[in-house]
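In the block that follows, a single chain appears as structure tokens, in the form predicted alone.
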């Protein structure tokens, strides 16, 4: 659905993209993550047809990005900070944009009603936008992006500034859109958001693609399971870390707030080996299993300098 190959883009002496690759499958929610300055916003602007690449190739549903009008009919964009007419209501803002699209009045009325319902703005649709919360303004931006029924949604920091309740509702709305068959690219620095929403991710750093895969596959490559061990004598932790690091089944060992964290690939076969080895070395107070998170994956591939 989205194929970007070897993208380069410079702004003066600053190289924003240096051969970036990105692939988003049809019907998926794909995350684009990386440290500040990695090139996420530049990539979204290129896919939105707002700026042109210096070199490289972008295809949206097999249409070259340079065919801007055709591409724009396929995409809906929700910017991090929506620019809305504060003196209009959500409904009148949608009417205004329907006229820009050249939609027949009767058709527009039906579409506007549908998108207001889809983003759960029915109760506030006729109030002025200036009185809206950040979450409500994001919903208006999403409604505008959906107005022409695009196949692809580009969401830039969709959860930023939202309180927990609105955040949960917005997440459910995005997942509902996936169920409707939309292909969604989420650019976000919040790894928790990406992990909640996405099937797959592209991690970028310094304008380049570091890794791209499904989250589950990356978990397997990183070490799909972690076992956390708390010992009775903290002075034994360094020796335990060294002992466990030498095991073939262990992919990584670290210490965090009094726990030794051991990453393995297979919980059924590897965890008993780890526990047996640890108990022979020191007294264990507690052991608990935890899943490898997207943050663990990010730290492995991008060096941990995210924000």
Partner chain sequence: MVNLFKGVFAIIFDELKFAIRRKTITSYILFSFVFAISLYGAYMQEYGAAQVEMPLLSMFPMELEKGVAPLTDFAIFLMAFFVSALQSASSGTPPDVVLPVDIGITLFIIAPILIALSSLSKLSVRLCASSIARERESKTLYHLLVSPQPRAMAYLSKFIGAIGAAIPMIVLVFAGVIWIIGASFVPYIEVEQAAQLKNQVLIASIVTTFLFASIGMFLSTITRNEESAVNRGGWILKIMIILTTVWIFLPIFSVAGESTASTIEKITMISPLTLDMIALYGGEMFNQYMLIQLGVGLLFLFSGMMIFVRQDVEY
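Residue numbers count along the first chain shown, from 1. Since the model is a prediction, treat every value here as computed from it, not as a measurement.
The same protein also exists as the form predicted together with the partner chain; that form is not shown, yet it is the one meant from here on.
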(Q) So if I measure heavy atom distances to the partner chain in the predicted complex, which of the stretches 173-181, 211-219, 111-119, 72-80 falls within 4.5 Å? (A) 72-80
Q: Tell me, yes or no, whether residue 188 is in contact with the partner chain in the predicted complex, where a contact means a heavy atom of each within 4.5 Å.
A: no
**Q.** Touches the partner chain in the predicted complex: residue 265 (any heavy atom, 4.5 Å)
**A.** no
Q) Is there a heavy atom of residue 162 lying 4.5 Å or less from a heavy atom of the partner chain in the predicted complex? A) no
Q. Applying a 4.5 Å heavy atom distance criterion, does residue 85 contact the partner chain in the predicted complex?
A. yes
Q: Would you mind checking 31-69 for residues with a heavy atom within 4.5 Å of the partner chain in the predicted complex?
A: 41, 44, 45, 48, 49, 50, 51, 52, 69
